[in-house]
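Starting off, we have a lone chain in the form predicted alone, written out as structure tokens.
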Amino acid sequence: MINKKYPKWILAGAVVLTLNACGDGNSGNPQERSERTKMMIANAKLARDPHSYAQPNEVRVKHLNWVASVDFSAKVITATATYDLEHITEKNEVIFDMKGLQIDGVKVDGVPAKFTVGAEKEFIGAPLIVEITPTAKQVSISYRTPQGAEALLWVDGESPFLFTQSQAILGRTWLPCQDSPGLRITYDAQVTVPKNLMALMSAENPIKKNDTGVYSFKMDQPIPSYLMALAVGDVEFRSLGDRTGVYAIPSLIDAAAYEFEDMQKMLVAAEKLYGPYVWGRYDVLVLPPAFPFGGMENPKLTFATPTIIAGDKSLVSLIAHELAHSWSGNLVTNSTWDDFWINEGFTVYFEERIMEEVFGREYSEMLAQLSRQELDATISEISAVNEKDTWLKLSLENRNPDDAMTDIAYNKGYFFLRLCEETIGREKWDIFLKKYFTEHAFQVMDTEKFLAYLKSNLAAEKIEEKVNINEWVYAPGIPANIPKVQSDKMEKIKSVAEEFVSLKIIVGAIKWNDWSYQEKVYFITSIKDVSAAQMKALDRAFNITSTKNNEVLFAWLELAIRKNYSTAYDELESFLVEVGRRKFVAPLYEALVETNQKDLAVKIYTKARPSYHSVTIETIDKMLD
């Protein structure tokens, strides 16, 4: 997931199995290998997850059959979730996570069964406890989602849209489930929607609407609940290669297809680095602008924000990031949310390697320079609140795991892995990572098991003492041996910014139109001491307030707030009302508050809030309360 949430609003065991790249063993036919893999995963002991009531080391689910109907007029999903059970011990109950769901009935092996909904706790929701026998094979739960279910966003309009966002623990708000990243299931589904709309899931998907409004889905590879996803809307499909394609609303499909036409190249580049892509197809669905993140790596179907459609393919590193999750996160998954960097640090590293492979080293180093700049800012902000949250290994018990989703997991994790590469050499590091993904396919990984694996496999390289692992993982801040980014272009931009701020050069000396978006963002974020008059001169020369690149626009709007450049305020309001991506909107509201413009922030938010997803709402509500 691309999030890199600004952190001011935070609250103050892998199982080693040897599998091939598809996670299905090395002998026998594919179906037999798949069944053996599922059995090995089902019997693996899982870590205790403080954010789940489920007890998967006693009784766990292994397959879901989901039959659902989507009602846009009532904004409700009515469904029956039927789970196949795996008995680890002779327990007389199975526990599911849920939050706000209306349970209409429960059956065990087709017979009505007793169930209890426990007391609800903040963030976590309530346990759904179902009485079973030690030989029970299935549990069926009939239920309805509530108004305002946190995972769901119902987008009104002439052409309505629905999408889910399950990470980190919101899956339980639209599906009773054992909602822990360490537990994987396969699933099939049948979803009924209005006939003028198409349904899509994190599974094998249709490529055109049918006449019935009933869509069937299958996901044969086991995935954790946070990767369960559903979207319903008036969308079209466009093929981008033999294994890649894009879905978008009709008015956006041409622009999306152009923007993402290099996806197939990215997929080939990723496979060249770390082994076969095992999920079949890699498609992208462009969601409405209210989507709270840049992207979400739902298997087979990445959800993406339309804010990355710039018209010049300049923001496609987000697609590389979500594609990389097909290995780091989807294939090898963090055991609990304390180990979130296992998902995201690896993915940022892999993203940079894909971008280097497709677009060159200078391009990827410019991205790395922005990551370093973001990391420095995040470390500064978090350290003032809770220094331990700058560790890679987190401690999130009794806290919302959404607190983990800061630049620390992403960028500190990336630089740690980059340091490992630079310490032992890229060739040896790539061999190690390819082996890591292959040997742990479809499994969970925690920090301690990864570090043990790292030290064991690279003992001859003396990786532990050369890298100073503990300082990176279990200590605050940025270690002194952080890798240096080598970007000649960014160094030149830094010099231009310094000269402009100090009035040594005028606007006419700035080659803005020759710069990449990375250079433009780096320039804007490097001129914090600029005057409003200088901003006006820049805007008059380059029309920055009207840019179509949302990364550049966001950086410019934040600077405009802090410098009281009111000319940009109409665009600021439009941006905050139209876009719900938390990475953008939260810092802009924060800037308004910090510059004594809270009344303006509240005025805009009152207008924008109804269209935001709950993930964004929770952050902004806390800020403006």
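Numbers follow the displayed sequence, beginning with 1. Computed from a predicted structure; not experimentally measured.
Beyond what is shown, the protein has a form predicted in complex with a small molecule; the following relates to that form.
Counting only non-hydrogen atoms, choose the one of 434-442, 93-101, 412-420, 339-347 that falls within 4.5 Å of the small molecule in the predicted complex. Result of the contact check: 339-347.
Since exactly one of Y274, W472, Y83, F293 fits, which has a heavy atom within 4.5 Å of the small molecule in the predicted complex? Filtering the options by heavy-atom distance leaves F293.
Going by heavy atom distances of 4.5 angstroms or less, which of H51, K62, K563, K583 would be at the interface with the small molecule in the predicted complex? By the 4.5 Å heavy-atom cutoff, the listed residue in contact is K583.
Is A269 close enough to the small molecule in the predicted complex to count, meaning some heavy atom within 4.5 Å? Taking the distances in the predicted complex, the answer for A269 is no, it never comes within 4.5 Å of the small molecule.
Taking the small molecule as it sits in the predicted complex, is I524 in contact with it (heavy atom to heavy atom, 4.5 Å or less)? Contact with the small molecule, no.
Classify E322 as contacting or not contacting the small molecule in the predicted complex by the rule of any non-hydrogen atom within 4.5 angstroms, answering yes or no. E322: yes, in contact with the small molecule in the predicted complex.
Verify the contact flag for L553: yes if a non-hydrogen atom of it lies within 4.5 Å of a non-hydrogen atom of the small molecule in the predicted complex, no if not. Contact with the small molecule, no.
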